[in-house]
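Just one chain follows, in the form predicted on its own, and it is written as structure tokens.
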């Protein structure tokens, strides 16, 4: 497709970065409990996948799920409220940052590594039974591709030619384990051939590259030709979770990643080189977006938390 740089993709990446920065503010004061996982440094993948998703499509994400939710169209306020454990959140504060669920947009996530893929497979099978052309997107990381669920999911999707796209965000580390230490293949995308699937590896720091490849993967799955496996390489700027000291990566490596591989910095240069916008315009967009997110965060912080007496409410089906 070879689409050129657009301001809309830059805006999406800005929104995603500002969203996770707002989430970080909830950690020091224990407004957010548990191991918060941010995707800072991986915004280009979320921005690149947004344009190919239809309302009927399903996205099943991981513990690092915020950008995929925003790409699927989950509303900012209830998502942020859920992460801050508020009664106004998507799941009334019961799901938290690792298990947001939005039936209105067919978005969900799970904190179990690799478990997103069998759930996405279920959606894909349902679409086949219903006779629709919707697709299911199962997101995982490089650590998730070494689980049995990855093999079983792609094998079944390939055997039955189900409309499934497996999106692998390869940030080179499964928590603290480097990918080259645990992968028998040079790339993860090349595993697609074993399942009769479409496969490709792309630079996940460029939203244009991701958008083109993701559109092709979705078109392949939507057309009835079976599953697709898209590996998008990227870099995680922070520890695996907030509280991870991240001592397994050398300081020089982390400094180089931030200096040379920030998707927002790289896309700024691309936009200005193409004459789409100048630095002043991009600075203004960034300032406006940051201010809007700060205002939203202030609203959410003022919302009520669930009452302790209702801790078990909504967890089980209740008969009328």
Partner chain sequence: MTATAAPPPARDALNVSQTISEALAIEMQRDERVLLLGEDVARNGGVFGCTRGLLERFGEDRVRDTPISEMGFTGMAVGLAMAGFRPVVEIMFVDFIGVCLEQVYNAIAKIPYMSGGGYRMPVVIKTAGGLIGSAAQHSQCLWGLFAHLPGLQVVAPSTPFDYRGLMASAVETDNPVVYIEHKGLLLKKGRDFRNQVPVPEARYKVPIGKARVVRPGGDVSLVTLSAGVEHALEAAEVLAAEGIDVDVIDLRSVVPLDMETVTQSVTRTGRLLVVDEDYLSFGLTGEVITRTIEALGPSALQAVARHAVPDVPIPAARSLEQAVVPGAGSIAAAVRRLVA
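Quantities reported herein were computed from a predicted structural model and do not represent experimental measurements. Residue numbers count along the first chain shown, from 1.
The same protein has a further form, the form predicted together with its partner chain, not shown here; the description that follows concerns it.
In the model of the complex, its partner chain sits within 4.5 Å of a heavy atom of residue 125. Heavy atoms of residue 99 reach within 4.5 Å of its partner chain in the model of the complex, making it an interface residue.
Its partner chain is not drawn, but in the model of the complex it has no heavy atom within 4.5 Å of residue 238. For the chain shown alone, residue 73 is not a contact residue for its partner chain in the model of the complex, no non-hydrogen atom being within 4.5 angstroms. None of 119, 192, 213, 79 but one reaches within 4.5 angstroms of its partner chain in the model of the complex through a heavy atom, and that residue is 119. Residue in contact with its partner chain in the model of the complex (any heavy atom within 4.5 Å), chosen from 155, 88, 146, 187: 155.
In the model of the complex, no residue of the candidate spot (174, 243 and 248) has a heavy atom lying within 4.5 Å of its partner chain. Across the options 104 to 112, 220 to 228, 174 to 182, 200 to 208, residues that bring heavy atoms within 4.5 Å of its partner chain in the model of the complex belong to 104 to 112. Heavy atoms closer than or equal to 4.5 Å to its partner chain in the model of the complex belong, across 299 to 317, to the residues 311, 312, 313, 314, 315, 316, 317, ordered by sequence position.
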